[in-house]
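The chain below stands alone and is given in structure tokens; this is the form predicted alone.
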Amino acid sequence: MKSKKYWVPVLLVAFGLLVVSCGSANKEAATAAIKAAEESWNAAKGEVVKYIPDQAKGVEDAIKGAKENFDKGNFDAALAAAKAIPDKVKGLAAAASAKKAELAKSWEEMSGGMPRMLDAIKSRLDILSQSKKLPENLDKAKLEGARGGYEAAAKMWDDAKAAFSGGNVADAMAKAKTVKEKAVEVMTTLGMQVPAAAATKG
């Protein structure tokens, strides 16, 4: 009987040590997985936020959730959540790269036609400014308004080119779109024919 009484606490201690050991292993695995998830996200975050910002929050929420489970001692849940993040980040990085290429192509098309539009507007403004009589539907106030619109568009085009040169293609395209809209507005005011490519939306 003494022998049996002796082994019961020994077995309980051994079982406790086994549970602690497993818990420790899961904790280490979860720690490593969370670290790997954060490192993969930090490497891709800049491009993802820049080109597909609406999808960035999902990754940040997933990392936050894994950390919260870890802090609560739910190491298995933290591990499972963290392990899935690098693959998700890899997919988002590829999507961001594709979006960047798409914007770069759009910029190439825009930068080919926009300078010609702005030059045509400037030429028309110069001619009208020297004219003794303005065309119908165009008075001095409208002419000055068109000139102001042209100057704003020309400045923003310079800003767009600077953004593109600095590697911010998304910002460059956003500015270029505004320039195109303003240029179309000014050309319409001046009675000029708007190029077909510029007349289409997008």
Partner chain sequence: MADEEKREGAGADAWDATQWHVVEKGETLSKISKKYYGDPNLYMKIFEANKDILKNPDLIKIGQKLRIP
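Keep in mind that what you see is a predicted model, and the values were worked out from it rather than measured. Numbering follows the first chain given and starts at 1.
Beyond the structure shown, there is the form predicted together with the partner chain, which is absent from this document and is the topic of what follows.
Undergrad: Any of the heavy atoms of Ser123 lying within 4.5 Å of the partner chain in the predicted bound form?
TA: Answer yes; at least one heavy atom of Ser123 falls within 4.5 Å of the partner chain in the predicted bound form.
Undergrad: My question is simply whether Leu134 lines the interface with the partner chain in the predicted bound form - judged by any non-hydrogen atom within 4.5 Å.
TA: Although the partner chain is absent here, Leu134 would touch it in the predicted bound form, with heavy atoms inside 4.5 Å.
Undergrad: Gly91: heavy atom within 4.5 Å of the partner chain in the predicted bound form?
TA: No, no contact at 4.5 Å.
Undergrad: Even though the partner isn't displayed, in the predicted bound form is Leu128 close enough to the partner chain, meaning a heavy atom within 4.5 Å?
TA: Although the partner chain is absent here, Leu128 would touch it in the predicted bound form, with heavy atoms inside 4.5 Å.
Undergrad: Work out which of Met114, Ile85, Ala96, Ala78 lies within 4.5 Å of the partner chain in the predicted bound form, going by heavy atoms.
TA: That would be Met114.
Undergrad: Counting only non-hydrogen atoms and a 4.5 Å threshold, tell me whether Pro53, Gly58 and Val169 all contact the partner chain in the predicted bound form.
TA: Not a single residue of the candidate spot has a heavy atom within 4.5 Å of the partner chain in the predicted bound form.
Undergrad: Any idea which of 135 to 143, 160 to 168, 65 to 73, 27 to 35 reaches within 4.5 Å of the partner chain in the predicted bound form, heavy atoms considered?
TA: Every other range fails; the passing one is 135 to 143.
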